[in-house]
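Both blocks below hold the same protein chain, though in two forms, and each is given as structure tokens: structure 1 and structure 2.
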Structure 1
């Protein structure tokens, strides 16, 4: 069985950030493997452990993103493809998905896993775009997977409840971090990752171009969020505070 996992390097949302003249300034050393993709990698490894097969991660990103590929390999993925782009290319989900579809066009696989969204932008578009480009059945926001024979049963978090969906292969699934707790690479994994094959491809190798006029959506600028006015902290006798606030919510805020 072959499973491809699409992974993205994203800035750590916990790291301090600054906005200067509409630009976002962040510490480039605080880039990480997208948490949702880490869950997708984890899930692929669990399937491999139970059913055998090969796990390959695919990443589109600048040279620096190699460290994120190494992380996935250290978790246990077998090999990787790095589709290299310049630092200053700013593709949107559509260009990422069409580039990935060029890569997958002549590949054979049972499943492609993606994260349900990128942790920094929360776009959540690339997975289902890729499925449509490749004409694959898909489901998004998976919180559980079970493979029996060649039927993949996916539990997806829907609006009301959890939808249990059966998918044939090949198919594409986007994973929530509610699915599992991704493993932390151990020393052995880290050592082995250095010897695992990473193939580097250029956009030209794939016959793809990501040019200005092809990018359908773009970021114009970043803005501070209007800050909430800091409220009041109440400390002391629980009885009194509780009653006081209940009253204020009614008479002052009118929300009771």
Structure 2
């Protein structure tokens, strides 16, 4: 069984940040493996331990993202592919998905796992777009996986409760960070990760480019979240307060 896991390096959301002149300024040295992708890696490892197979992680990012790749390898992934882009290149969901589809077009696999979204943008679109580009059956926001034979049973969290979906292979699944607790690499895993193969590809190797025309989503500026208006405090006897609030709800719209 071959499983690919698409991972992303993201800024540490717990690192200091500030907004200045419409720009988001973050600690550039604090980058981590996206938490949702870490859950996808963990779930692939659980399936491998139960059924055997090979796990390869794929990352699109600059040179410094190799540290994030090594984290996934230290967890237990077997190999990796690094699709190298410049530091100044800022892909959106569409350009990520189209680039990954070029990578996967001649690959054989049973499953592709992605995190359901990235911590830096929370867009949650790349996995679905990639499945569409590759014409794969897929499901999103998985919170549990069970493999029997060639059928992957996915428990996903929907808006109105949990749903159970069966997927044939090949297929794509986006994983929630609620599905497991990703393992922390031990010393042995860290040492082994340094010897695991990492193939580096350029966009030219894939026959693609991330141009301004490809990027469909642009962030124009950042601004602080507006302060919440203070609530109104009612004082007096409980019966009087209840009548006043009931009258308020009856006469004014959009109170709640």
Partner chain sequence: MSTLLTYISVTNGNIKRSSLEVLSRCNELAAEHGFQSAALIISDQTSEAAEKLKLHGPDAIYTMEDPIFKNHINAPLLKALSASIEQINPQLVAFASTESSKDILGALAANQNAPALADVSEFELTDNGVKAKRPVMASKIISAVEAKGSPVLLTVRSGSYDVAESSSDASVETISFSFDEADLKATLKEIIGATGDKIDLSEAQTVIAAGRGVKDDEGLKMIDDLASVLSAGVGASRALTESGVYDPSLQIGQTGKVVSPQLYIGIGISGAIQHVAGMINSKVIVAINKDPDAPIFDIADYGIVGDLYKVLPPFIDELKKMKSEK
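Everything quoted here is computed from the prediction, not taken from an experiment. Numbering follows the first chain given and starts at 1. Rigid core: the largest C-alpha set superposing within 1.5 Å between the two forms.
Exercise. Of structures 1 and 2, which is the form predicted on its own?
Worked result: Form predicted on its own: structure 2.
Exercise. Rigid parts turn against each other between structures 1 and 2 - so which of 226, 106, 149, 159 is at the hinge?
Worked result: The hinge residue here is 226.
Problem set entry | Relative rigid-part rotation, degrees, compared between structures 1 and 2 | The angle the smaller part turns through between structures 1 and 2 is 36 degrees.
Exercise. In Å, how large is the C-alpha displacement of residue 246 between structures 1 and 2 after the rigid core is aligned?
Worked result: Comparing the two forms, residue 246 shifts 14.6 Å at C-alpha.
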